[in-house]
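Quick setup: the structure tokens below cover two forms of a single protein chain, split into structure 1 and structure 2.
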Structure 1
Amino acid sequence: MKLRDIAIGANASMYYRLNFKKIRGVYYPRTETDVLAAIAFARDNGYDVTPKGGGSGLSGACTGGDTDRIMMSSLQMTEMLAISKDIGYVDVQPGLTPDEINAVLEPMGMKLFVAPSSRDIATVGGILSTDGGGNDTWVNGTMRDNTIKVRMVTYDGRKLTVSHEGVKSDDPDLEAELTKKGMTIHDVASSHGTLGFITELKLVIRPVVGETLVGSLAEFPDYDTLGQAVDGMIKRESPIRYGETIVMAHPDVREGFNPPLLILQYPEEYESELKEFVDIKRLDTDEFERLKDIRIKLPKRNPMEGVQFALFEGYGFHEESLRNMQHTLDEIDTLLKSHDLVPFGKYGHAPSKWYLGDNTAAYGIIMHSREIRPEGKTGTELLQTVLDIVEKCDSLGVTPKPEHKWPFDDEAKSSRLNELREVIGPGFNSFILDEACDDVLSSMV
């Protein structure tokens, strides 16, 4: 068996060219004791530690960059430790997926309401590290909203328990210092494994409530009308249980539908109010499922010529950028075309919720994007396009990569992580916060 076979596993990002000579060990711990032993080996040898879950994230954080490092997977840490149906929580190790947890909970009439599209692959530890969510995030929140507390191990082997209220530690001095800094679960969320290795999570579970839901299709003449409709749902706190948009699609994969459009599911009694500000058409069950299937398969289809790929993946439209989507999308598409990229598909969750780098909540459309990859472009050129998009998003009031936060390009988040690492210590995914991070990633495209 080669190191390549066990070190990389799944990696959904475009940063996949790993330097295997820099990977000094690969660990699959089962217990916190195993985690401590692996970290001790890394510390004794001066190696960084790269935490890794299912590898479905798109930021490149699970690659570890180009440092001498060990990779530590949570995929063998799959125990459900405790369930309280009455209080509403489940204690789990970090390597379980939402689907695996819900397979146990659903016969009890309970559920973990976190549903990223990769919920059969993504681990709960990894989902918290990117603060992921899904098409139900508008109703149920992101992973941080569904996490009560986590246990973590630092690079020097100390233990932390972090909640929404604060932090506890087996080291009183460390606890006091982090309490002064005001550390909470918000800091662990979207930290991309830079603060420590998560060994246990206490997650919120709730009863599955039976209600009659109906599905509808809303088609729009332009992007502004789409954005304003979603803005209306947000202002009215509409009870949308499932909301997806197909913003645009290449003619090769349209299948007769006419974007921009919204695929919605909501309680039947809400339909009359929704019709007051959105022109919707009720769908029968088969048609609703067909449209959902088209939306899910859109990023898996290729045009007749060329190959599509996820250059940048995520844009968070909110407030003015949401209400003025036409201008915003025109600006982004002009930039893409100037770099010889052909827009292929734009789709995503709407309405949705995510958090900005300063931990304030934002609401709008999380739009994912696919482009047809131009031939002959180097990794450096492609990453420069991404960096140009980040700069463009900042100028347009769009959140770059809202589900993945990209802390190395989010000044508020990276500053906060560096502040905490001054207390906790470095050693975990250090490349993410390094000034040369962009150069490293460009070599991995």
Structure 2
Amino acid sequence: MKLRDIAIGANASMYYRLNFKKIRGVYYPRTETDVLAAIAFARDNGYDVTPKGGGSGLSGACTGGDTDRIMMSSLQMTEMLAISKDIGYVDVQPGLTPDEINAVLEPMGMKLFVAPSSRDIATVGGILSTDGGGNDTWVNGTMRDNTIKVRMVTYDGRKLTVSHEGVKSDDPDLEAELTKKGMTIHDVASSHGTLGFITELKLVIRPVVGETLVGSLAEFPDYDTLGQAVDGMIKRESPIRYGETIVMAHPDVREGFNPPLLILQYPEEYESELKEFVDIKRLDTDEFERLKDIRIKLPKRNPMEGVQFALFEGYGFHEESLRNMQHTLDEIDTLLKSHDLVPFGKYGHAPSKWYLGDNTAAYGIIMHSREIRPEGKTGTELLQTVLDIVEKCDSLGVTPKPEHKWPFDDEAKSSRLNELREVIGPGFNSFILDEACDDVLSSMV
């Protein structure tokens, strides 16, 4: 074993104590040919393949669990293959981040409109595999809405091109079977590396339009008023270009602000309509940038004492759970506290959009939650808390992990992935769909 076999386990989730002995090879391919060779090695030895991008995912999916496996990183697949400003697309390898892509596009006045807070490290391959999005998902959609098609390689080395319209393959039988199953990009979105390795993506790029945008702050007396304000924006299809909420923040990182609050940016001419249903205070550019900075750094900051951690990275409040947010949050906080967890920060994209496991779109607040890492809790206890949260979310009408669609809490998604894997074959990130997934994850906390 070498340090490269261990360092590949570095990831942002709380599942980071891997059984390194089960990692049978670490690959950093540069081309599809390299990918095929690595997969062939895994296949010949009966090992699983775990794709990894930036390792910023919070579900532990890029760890590969404790299967005998090879780890395949996309971090050296960072070529920009083609750009068409006229048609509006860019062809890229999967290891590029939105920041890297946009650095090239910016001088052309074009942009990829996918902006997770982790866009400095999250790769486009990883973002599609979790169907991530950012504070502009409300206007610009999630990663799947911005992906035209992907090329991927399956465990038996066959090649697929999957788009919104359907699927193509170098193997006509496979193509026919997957077409019968109706495979589209929706299936690749949130598939957590269980179907194959994405080697190339064709992404939508659009011109940056010169709108005059203004920023403002809305502070709320309670969570219901916050939820109802966001619900109002959804109903009116408000043109919010940037919408973030800080629901609560530990006093050490609050920096004088008073959550719950919303940080909003919208076209100047929309302000009068927004004022009809939300009490907003206009911010100058510096104040607005400062608030944005406070928000974006919340997932990384720590309290004076202790360290924050992401026990359960996302809650999707929509419909009733959004309008009755006070009740929903009280229930969640009571549950967290009963498990001895001290809330550290709750914040997220608002209004936002995500997809449910059956591929219907939902609109509301994607709230990330961080707690202070408790001392002396076992992995099993923490995972039990996660499972209790999932159950609680179901009873409250909240989407658990809306940005991640972690298949183990999404029956529709996991059965669809299993259905496709019957055709494509297993071999990719299998632990996720395994019944023992909970135990494996808890062993890594």
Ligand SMILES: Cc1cc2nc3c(=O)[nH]c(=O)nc-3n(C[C@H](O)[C@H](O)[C@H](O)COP(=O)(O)OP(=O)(O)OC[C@H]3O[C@@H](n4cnc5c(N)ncnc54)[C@H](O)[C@@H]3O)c2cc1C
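Residue 1 is the first residue of structure 1, and the numbers go on in sequence order from there. Superpose the two forms; the largest set of C-alphas matching within 1.5 Å is the rigid core. Keep in mind that what you see is a predicted model, and the values were worked out from it rather than measured.
In this pair, the copy labelled structure 1 belongs to the form predicted on its own. Once both forms are overlaid on the rigid core, the distance between the two CA positions of Pro303 between structure 1 and structure 2 is 2 angstroms or more.
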